[in-house]
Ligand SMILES: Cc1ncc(COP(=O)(O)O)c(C=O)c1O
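The data below hold one chain only, encoded as structure tokens and taken in the form predicted alone.
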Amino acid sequence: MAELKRFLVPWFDQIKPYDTDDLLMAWSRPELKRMMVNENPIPPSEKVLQAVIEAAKLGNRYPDSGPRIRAKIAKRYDLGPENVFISHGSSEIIDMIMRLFVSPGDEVLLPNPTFSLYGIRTRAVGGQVVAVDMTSDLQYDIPAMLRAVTPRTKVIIICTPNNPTGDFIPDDDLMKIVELGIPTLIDEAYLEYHPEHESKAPLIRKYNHLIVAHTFSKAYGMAGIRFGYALADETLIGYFRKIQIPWNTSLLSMAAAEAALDEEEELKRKAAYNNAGVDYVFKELSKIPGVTPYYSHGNYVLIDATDTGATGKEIVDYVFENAGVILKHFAPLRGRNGFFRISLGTHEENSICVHAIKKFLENRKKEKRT
């Protein structure tokens, strides 16, 4: 047998893969409530399904580069098709940015906490993650991020609204990052839930080092169909095309995305449904002493239950075992270990989840008295 480690790039043993074990469990046990990976609980519309079926009839043919869908996306931002790169979800864009800009030993600057895939793909190319803790109220610590910039900083990540904290970065703070002139990803994966906040896409006309990423996995409810896009200067888009895998978006995903773009009322309906869920979860959990939910502009709510004396893992485990709801707990932040996140489900699932959390804390309170 060959000794494979002799042939691997040196840093590969330090890489942890993106954890999808909870999805394996959810697919194998459909009775469980999937409230852990920021999925949309509302399935694709009939129009999207029909578009997929029609595209599948041509499934023996390779897809083109999507000129029609790129033109449709570009029009939304008053840009040209040459400013649009379509992708296998926005995860592919994250990976391509790392492969374009990061060499072994280079640094990628990002907030903590944020989407874990940024760090994983940084390490996959031998880069070093420089994670800057958010402030005590879970806002971007821009002075600390600026201090963390070094000559080895090759990429900066700004997720807005941020996952899992749920808030937007203020424009003034964002511009302090933009003006550094370092390649910067502005990830707007959750923006469609709050379109009253304008996209930062217009900035690419002035700043050729910016990439604005979007996905159809969230508000559009197409996580399993896999479609996303990047907006950037034409030259930067050209670099993406040099390293992309051919046919990275299928006929089916392009057809689904094009149909979804035509259904503005459907998107509004899904966003309103989600936002009502956020309001409910935030309001109900805010009533519990020692529990701090953070209002979210995405399809998730981050909760800190440290002051109840419970850890996030204890709560997540209880809710799973007693209500069949899969949630996600987080590593301690600033010495607080009670963080966990709820991905919004149906209104019924949200209610079941909230009541299970209340029950856990009520039981814990009774146990302390006895």
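These numbers come from a predicted model, not from an experiment. A residue's number is simply how far along the shown sequence it sits, counting from 1.
One more form of this protein, predicted in complex with the named molecule, exists but is not displayed; see below.
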query: 4.5 Å heavy atom contact, Pro293 to the named molecule in the predicted complex; finding: no
query: Non-hydrogen atom contact Asn274 with the named molecule in the predicted complex at 4.5 angstroms; finding: no
query: Non-hydrogen atom contact Tyr193 with the named molecule in the predicted complex at 4.5 angstroms; finding: no
query: Contact flag, Asn163 vs the named molecule in the predicted complex, heavy atom cut 4.5 Å; finding: yes
query: Contact stretch among 124-132, 139-147, 89-97, 285-293 - heavy atom within 4.5 Å of the named molecule in the predicted complex; finding: 89-97
query: Selected contact from Val212, Val108, Val84, Ala189, since only one has a non-hydrogen atom within 4.5 angstroms of the named molecule in the predicted complex; finding: Ala189
query: The single option of Tyr77, Tyr118, Phe240, Phe168 touching the named molecule in the predicted complex, heavy atom within 4.5 Å; finding: Tyr118
query: Members of 209-232 lying within 4.5 angstroms of the named molecule, judged by heavy atom, in the predicted complex; finding: Thr215, Ser217, Lys218, Arg226
